[in-house]
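Below, in C-alpha cells: the form predicted on its own, a single chain.
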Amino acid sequence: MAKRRNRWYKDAVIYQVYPRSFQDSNGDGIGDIPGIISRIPYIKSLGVDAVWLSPIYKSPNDDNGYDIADYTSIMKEFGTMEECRAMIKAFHEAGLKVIMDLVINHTSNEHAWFEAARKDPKSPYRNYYFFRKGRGKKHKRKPNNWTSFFGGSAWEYNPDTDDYYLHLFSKKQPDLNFGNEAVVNEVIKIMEYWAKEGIDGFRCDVFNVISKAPYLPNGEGHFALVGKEHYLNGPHVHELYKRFNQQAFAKYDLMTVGEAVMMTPDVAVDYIKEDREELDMLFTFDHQDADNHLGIKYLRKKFNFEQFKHSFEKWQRSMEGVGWTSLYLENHDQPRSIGRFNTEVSKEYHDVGCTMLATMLFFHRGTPYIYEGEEIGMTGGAFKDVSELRDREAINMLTYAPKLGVPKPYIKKSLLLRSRDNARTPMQWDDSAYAGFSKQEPWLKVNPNYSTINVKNNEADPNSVLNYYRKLIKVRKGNETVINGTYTRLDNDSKSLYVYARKYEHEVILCIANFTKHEQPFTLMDEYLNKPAKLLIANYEREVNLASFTLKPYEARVYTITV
C-alpha cells in the first residue's frame, strides 16, 4: 500500500473559503473563482499554509453546492474549469496548498446518474441509489421510518416509477449506494481526477454515513434522525476508506479530514490512527454542543462552560499518541463564535473576546482551521426575519419543527440566531457599499456592522483582531511543544478560566484564558513556581509576574516555562 510522504498538516494552519460569499468579481452579487484569485495575496499575508474551498462543482444550489450535478465541472456562477486550474496554480505559486470538499454521500437529483435512474428501473444507474417500493397494500407508506438531517422523512416519492428514493439530507440530495461496486469505482475516479488537477487534499463531507445497513431496516426512536444506528459508521465504512486511501489518498499524497457526524473518541481512533491508513483527522462537534440540547443547534440553552472545556479535554487526551485532530470554532455550518461561547459582540469586548477564543484554541494539539471572516471578528448575520434566510436546512425546519411540538415563535427566533446563514454572510472587506464584496446587492444580506468590522479597518490598526491572528500563527509555527506535547487541564473546573498545559521534553506551554467580562485572579500552580518563564503571546499589551496576577476581561496569556 502506498505510504504518505509527509505529514505537513501537523504544523499547518488552514483557511476556509466559502466561495459564494468571499469575493464577487463580475458584479452579479455572488462570489466567484476570479474573486478568490484576486484575494490570494490577502490569504497569503495571514501566514496560513493551505486553503479549504467549500464546493465549487456544478450544482443547482439547493444546498449551496453540497448537491452536486457534475463532479468534474464548475458551477457557472463561480467560473470555468480553466479559471479553476488557474486558481489552483496561483495558490501553489503563493506557497499555499489546496483542499477541496469531497461530497460523496449524495449527489444532486439533477446529476445525470440520478436523472437516468429515476426514470427507468432497468437503467444501469438505478442501483447507484436507493429506490424502494412503499409499504402496505397500496405501497403508500414510506419504505422505512428513517428521518432526514434536514427534518421530515428521509424518503421522497418518485412518480416516474411509483416508488421512493432515500435522502438523508434534502430531497434534492439522493444518497449514493456504496454497496454497489460501480459507485465505489466512480467515486475513486472523481478523487483521481482532482488529484491529477493538482489539489493537495479533501475535506470529506459527512464521511461516516456513506455505508448503510443491508435491507434498510426501521430505526429506533420517534424524534430526530430516526434510523441513524443503521448508517452511522455503517457496516462497510472502514473497508471503503481503506480502499479510498489505497487507490487515491495515499497514492497521490492527499491530506484528508472527515466531517464526523456524532463521533466519539473510541470510534474515531479506527479512522485516524495512522496504521489504519484511512483518514488523517476529523472535524468533531462536541464543543459545538455546549450551548444546545441533544446536539441540535436550534434547541438553544445557556452556554455550558464546563461542557465546552471537557469536550476539548476529552479529545486532546483521547487522541494523544494515537491520532491527529482538527481545531476549529467556526465554519460554514456553525454560527459565528463571537457572542456565542460566553463572549459578547459589544464594541467594548468584541476584539478581546475574539483574540481570547483564538488564543485558547491555537495551543491545543491539532491543526487549526480559520473560517473566512473569523480573523477579523465577523459576527452573526443580524437577520430580522426568517424571510431573509436562504439556508435549505433552516427553511425545512420552519415546517418540520412545529410538527414535533416546538413552538413556531421559538424556532423562528432560533433560526435567526443559529441558521447556517449566520456564517455565510458576505466577507467584509471594507466600508464601501456591500462591504467591498460586490458592486450590487449580494445573494445574502450583508451584516450591517461591515462599516466598522472589515479588513480595511483591521489592516490599519496594529492591535486589531486580524493582526493578532497573524502574530498567533507566527508564534505557533514550528513549535514542537504545540505539535508533540502532552495535554493537561489545570483550571480545577473553574467557572471563569480555562487553563491547560502542553509539555514536551523540558518545555511547558501554559495557556490561560478568561471567559468572562470580569477581572479574575490567577495563581500559578506550585509545580511551575520559580521556573524560568517568558510570555509567548497575550491579547493585552502588558506583562506581569507569572506567579500571581489578575486577568482582565477576556484576557488570554500563553507562557513558556522551562522545567
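Note that residue numbering begins at 1 and tracks the sequence as displayed. Since the model is a prediction, treat every value here as computed from it, not as a measurement.
One more form of this protein should be noted, the form predicted together with a small molecule, which is absent from this view; the next part is about it.
Enquirer: Is residue 118 near the small molecule? Define near as a heavy atom within 4.5 Å, in the model of the complex.
Expert: Flag for residue 118 set to no.
Enquirer: With a 4.5 Å heavy atom cut-off, would you call residue 298 a contact of the small molecule in the model of the complex?
Expert: Answer yes; at least one heavy atom of residue 298 falls within 4.5 Å of the small molecule in the model of the complex.
Enquirer: Any of the heavy atoms of residue 167 lying within 4.5 Å of the small molecule in the model of the complex?
Expert: Taking the distances in the model of the complex, the answer for residue 167 is no, it never comes within 4.5 Å of the small molecule.
Enquirer: Please run the contact check for residue 103 against the small molecule in the model of the complex: heavy atoms, 4.5 angstroms, yes or no?
Expert: Answer yes; at least one heavy atom of residue 103 falls within 4.5 Å of the small molecule in the model of the complex.
Enquirer: Considering non-hydrogen atoms and a 4.5 Å limit, which listed residue (341, 429, 149, 362) is close to the small molecule in the model of the complex?
Expert: Selected residue: 149.
Enquirer: In the model of the complex, which of the listed residues (445, 350, 424, 171) lies with a heavy atom within 4.5 Å of the small molecule?
Expert: The residue from 445, 350, 424, 171 that makes the contact is 424.
Enquirer: 259-267, 226-234, 375-383, 312-320: which one contacts the small molecule in the model of the complex at 4.5 Å, heavy atom to heavy atom?
Expert: Single hit among the candidates: 259-267.
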